[in-house]
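Only one chain is shown below, in structure tokens, and it's the form predicted alone.
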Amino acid sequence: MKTVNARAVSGLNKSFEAITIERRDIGPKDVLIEIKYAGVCHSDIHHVRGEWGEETYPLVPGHEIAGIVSEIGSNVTKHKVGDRVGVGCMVDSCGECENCLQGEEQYCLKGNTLTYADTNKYGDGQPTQGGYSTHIVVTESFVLRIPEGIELATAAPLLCAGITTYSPLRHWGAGKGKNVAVIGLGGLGHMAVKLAHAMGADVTVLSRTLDKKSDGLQLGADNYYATEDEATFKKLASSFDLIINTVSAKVDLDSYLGLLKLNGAMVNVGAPGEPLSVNVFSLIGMRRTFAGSLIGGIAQTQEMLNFCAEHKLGAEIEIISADEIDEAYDRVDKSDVRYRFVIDIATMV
């Protein structure tokens, strides 16, 4: 076992503190990663605060991980020491079910293993602990290659925010000739705008106010509208082929569904802590679809990283130290980040 430094919360309403955790010994197919940067995802906040259900503490969050391979197992063939690599929201799956065999490990029928807040299937079955730490051990099939051309710090959020938005854009055919709207310009939303623009779509941001309009246009949006203005929903009625909803808050789904064209789809990637409801007449009149999407499989995540390298895309970030995580969480609550906090793990001493 390897003892490493980490930042964790010991219970509900607790602040982050420095602790040490143990990582398993390297197995034949394992990779030991020295973590350089870890993104702060809103999912981390939901878990830390118990907003998605009961949690096991101490809890080390973090599933936007970028680092360097420092050791490999005897049978590892996909990675070598010194490689630039990343780890996202999952670190294993059954590998045998229909969905896994199709490269959709995120929908593993037996349940994939999450990077943190899950049960480690190796050894003692203790909870998995995430990337707010100096090292992590992951089976090689769930380690992604970070291509040259993307800085490790800006690559870290791609392992969640990037793939979470890339996957539905690809699945629902965003590209040239398609009108795509993005609800919210935050950690997820800003990546959705960048990716949809790079795919060739006409991109519109739908945000509560126009406060971030200049940012949205600079990131690649063609249009930007304030949803607090009721005229927006009349003006844009039946305008979009695809709407990506990135916000983790309750919204009026029926109003947004009214913005879809015939056969249009609205896809939820934000995960609010309370149920959403929809009037079925918002769907059947124009054969609209309301759907959800969860990250992406390993192969598609690598595809996304390669796409970002090709188009010179990375997250817009603010780097923080390990002692600033609590403050960062509070600032995320206030939407006071442009657009993703990333922890410099070198400060985790």
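A residue's number is simply how far along the shown sequence it sits, counting from 1. Source: prediction; values computed, not measured.
The same protein has a further form, the form predicted together with a small molecule, not shown here; the description that follows concerns it.
For the chain shown alone, Val332 is a contact residue for the small molecule in the model of the complex, at least one non-hydrogen atom being within 4.5 angstroms.
Although the partner is absent here, Ser207 lies within 4.5 Å of the small molecule in the model of the complex, judged by heavy atoms. Shown alone here, Gly258 lies farther than 4.5 Å from the small molecule in the model of the complex, counting heavy atoms only. Remark: Gly187 counts among the residues lining the small molecule in the model of the complex, judged by a heavy atom distance of 4.5 Å or less. The candidate stretches are 299-307, 40-48, 278-286, 54-62, and the one lying within 4.5 Å of the small molecule in the model of the complex by heavy atoms is 40-48. Out of the listed residues Leu152, Ala265, Ala271, Cys94, Ala271 is the one that sits within 4.5 Å of the small molecule in the model of the complex by at least one heavy atom. Note on the partner interface in the model of the complex: the residue among Asn99, Ser248, Asn223, Ser239 having a heavy atom within 4.5 angstroms of the small molecule is Ser248.
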